[in-house]
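A single chain comes next, written as structure tokens; it is the form predicted on its own.
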Amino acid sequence: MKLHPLTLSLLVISLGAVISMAQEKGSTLFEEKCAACHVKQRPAYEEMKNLIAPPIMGVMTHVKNAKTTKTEAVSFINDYIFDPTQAKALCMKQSIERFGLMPSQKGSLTKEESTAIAEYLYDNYGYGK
């Protein structure tokens, strides 16, 4: 099957629009549901004492170093945010001692919302191996 160049162009544009909308949804949900605790940027030294959760860049760096694919990372995030345990935690021991475990987000997020957030975080934060 041969696609007409105009058809192919429209498909590419449509796919780009869908990806952009998914990123926007994930970003908006992060701001609404997560940013009150997880800051996006590395805080200045004097701001460190006011943190109530680890910065999301650090969290996602740990996730990307532990999970080899986006699918695995998104699955981990979805599981962890609804049922966080110390055994599942990927952060350093000092982070749990300082911040405690993240409270479960059951009742605060749907699975669809958590997936949108997890995909947005994977695509925009953290450094992998």
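The numbering used is simple: start at 1 and walk along the sequence shown. Values in this document were obtained by computation on a predicted structure and should not be read as measured data.
The following text describes the form predicted in complex with ligand HEC, which does not appear among the structures shown.
- For the three marked residues, H38, Y80 and I117, a heavy atom of each sits within 4.5 Å of ligand HEC in the predicted complex.
- Remark: V74 does not count among the residues lining ligand HEC in the predicted complex, judged by a heavy atom distance of 4.5 Å or less.
- Contact annotation: C91 falls within 4.5 Å of ligand HEC in the predicted complex, judged by heavy atom distances.
- Taking the partner from the other structure, ligand HEC in the predicted complex has a heavy atom within 4.5 Å of a heavy atom of G100.
- When ligand HEC is considered in the predicted complex, G26 lies well away from it, no heavy atom lying within 4.5 Å.
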